[in-house]
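Only one chain is included here, represented as structure tokens and corresponding to the form predicted alone.
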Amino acid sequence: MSTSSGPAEERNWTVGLRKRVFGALPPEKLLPDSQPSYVASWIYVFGVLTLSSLAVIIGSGTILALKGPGWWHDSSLGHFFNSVHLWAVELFFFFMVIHLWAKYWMSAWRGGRARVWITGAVTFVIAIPCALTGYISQQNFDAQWISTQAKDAMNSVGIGAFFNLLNFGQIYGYHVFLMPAIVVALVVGHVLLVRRHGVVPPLPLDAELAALGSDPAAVTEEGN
């Protein structure tokens, strides 16, 4: 038995959603098999390194969350996973800062990519309190000192009631679920926007020379 398409099918929300999704992200954009030649530059690698670090953070953090925040204090295996988690966070911020500044100086918001830049910047901002809650979840004197010192900062900006650093249950829940979920959602949106708009190309040579006060034609003649 076959059904014919008509106005009723066109008004179907699943049909509309499918057309919208595949119109913005066709398979050749979502999973491309090639990239422009300029992507071979090392400056484009730090975004992938940031994603790789995030994957290690989630994997090691999942193991730590399943075993409990105090596991690593009396287990050599737990100490190993805690160290992997810590250094993955360090590398995540290191790579992300380089990626952020590189895209800033490349004017990565060009060509309708404003939302790509915004989602990346917001991810960096959200990742900071996510890391703070991780330090407080260590269950040691470092965590105690950090929480007691940072609580005044939270109270001074009026969010101490919602972000109580002395409430371990609240902070642990923020660290293992809420904030990672926000970061991952932003990263997924960021990557999908990059797929939709393409990787930002380098700045045009004429624009660079104009910023330096040089004449492109004169430079070309000198080069010849």
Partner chain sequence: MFAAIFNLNGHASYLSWHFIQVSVPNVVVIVLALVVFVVALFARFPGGHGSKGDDR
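Numbering follows the first chain given and starts at 1. As the structure is a computational prediction, the values presented were derived from the model and not from experiment.
Omitted from view is the form predicted in complex with the partner chain, to which the following refers.
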Margin query: Is it true that Gln35, Val45 and Trp105, all three, sit within 4.5 Å of the partner chain in the model of the complex, judged by heavy atoms?
Written below: yes
Check: Going by a heavy atom distance of 4.5 Å, is His190 a contact of the partner chain in the model of the complex?
Finding: yes
Next item on the list: Would you check, heavy atoms only and a 4.5 Å threshold, whether Leu66 touches the partner chain in the model of the complex?
Entry: no
Check: Might Leu186 be said to contact the partner chain in the model of the complex, defining contact as any heavy atom within 4.5 Å?
Finding: no
Note to self: Test of understanding: in the model of the complex, would Leu51 fall inside 4.5 Å of the partner chain by heavy atoms?
What the structure shows: yes
Notebook entry, point to check: Along 109 to 142, which positions have a non-hydrogen atom within 4.5 Å of the partner chain in the model of the complex?
Noted result: none
